[in-house]
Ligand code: NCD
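Just one chain follows, in the form predicted alone, and it is written as structure tokens.
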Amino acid sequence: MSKKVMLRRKITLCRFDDMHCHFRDETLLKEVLPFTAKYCGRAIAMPNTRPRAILNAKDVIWYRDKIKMVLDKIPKMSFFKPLMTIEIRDNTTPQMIVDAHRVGAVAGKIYPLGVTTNSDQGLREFFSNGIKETFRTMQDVGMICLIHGELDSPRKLFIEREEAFLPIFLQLVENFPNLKTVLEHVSTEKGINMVAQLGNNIAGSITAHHPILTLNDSRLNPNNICNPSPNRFEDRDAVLKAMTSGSPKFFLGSDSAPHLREQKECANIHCGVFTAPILPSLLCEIFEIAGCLDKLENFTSRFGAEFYRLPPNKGKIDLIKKEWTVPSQYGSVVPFMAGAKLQWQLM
């Protein structure tokens, strides 16, 4: 780490674009949304809510209104804008894409069947005639395709599921070269390499936890268990290298995914890591340790916006070099790195 980086005591950044957030619904929505709205100008709202999933134009309007109702009750949060999405299922039609895009959905999210939270009705057929027409329509209207890149298949360990999905991802990209596509929360070296080698229409989002955790950390703490799983040391290192590389093909998608404490610390563990309360602090620390704090703003606030064809956020946030301890709980949710000390603090 250079002397200049070590002596830095304050950093000012453009407000973030978090291109992958789970806000949930009802009580959890009210608890978790303010954390992201405090430092983001925009964030992608994931559509796998329950009991009502976001599947069409009416659902988009309904969920956006619920988010705005929470924001309206938070002082000085009017600048934050949720970016809406819909789930792409086997029965998603081209007309559903057109209608959802018309009311403001910027992306369609694919959850392969059974790979993560609320994916019980996930996509089964990636190359049926019907779904091909849906993908063509997304391509035509400019709706971005977001993919949870895992495949649950026989005789595959859960840490191999991203690698198992990559052939499908490559075939999809080859079939629809003009469809802007994001391999979300990339967690493996092979996934990173594939995104890096494909064209400019392909990007990868990166969380704040995959560059830190390995499978060892998930085994020891249920609050670190998520999908895709933290993986091998070489995978963690590859994710960190991509995050801090300065490549516009990789940008922030935190996949902050809150669950009630009793849903995490139990026999039937819900998968997801809640990073929203500590995200700016943690990212500052990651980039500072890597010796490239000057590259942080591009990762959090520029590259994602450019991929989504959005103007830069106008607002700024400040962080100072001041040690603090992450609380053991925020509301009903245990945050990532609870009890740990972080060196940067959001002002």
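Note that the structure is a prediction, hence the values are computed from the model and not measured. Numbering starts at 1 and follows the sequence shown.
Omitted here: the form predicted in complex with the ligand. The next part is about that form.
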message = For the three residues His20, Asn227 and Asp255, which mark the spot I'm curious about, does each lie within 4.5 Å of the ligand in the predicted complex through at least one heavy atom?
response = yes
remark   = Checking Thr137, Thr117, Thr244, Ser218 against the ligand in the predicted complex, the residue with a non-hydrogen atom inside 4.5 angstroms turns out to be Thr117
query = Considering the ligand in the predicted complex, which of Gly108, Gly272, Pro82, Pro277 comes within 4.5 Å of it through any heavy atom?
reply = Gly272
ask   = With the partner removed from view, which of 95-103, 219-227, 174-182, 74-82 is the stretch that lies within 4.5 Å of the ligand in the predicted complex, judged by heavy atom distances?
value = 219-227
query = Taking heavy atoms only, is Arg161 within 4.5 angstroms of the ligand in the predicted complex?
reply = no
4.5 Å heavy atom contact, Asn313 and the ligand in the predicted complex = no
task = Classify Asn56 as contacting or not contacting the ligand in the predicted complex by the rule of any non-hydrogen atom within 4.5 angstroms, answering yes or no.
result = no
inquiry  = Since only the chain is shown here, I'm wondering whether Ser281 would be in contact with the ligand in the predicted complex (any heavy atom pair within 4.5 Å).
reply    = no
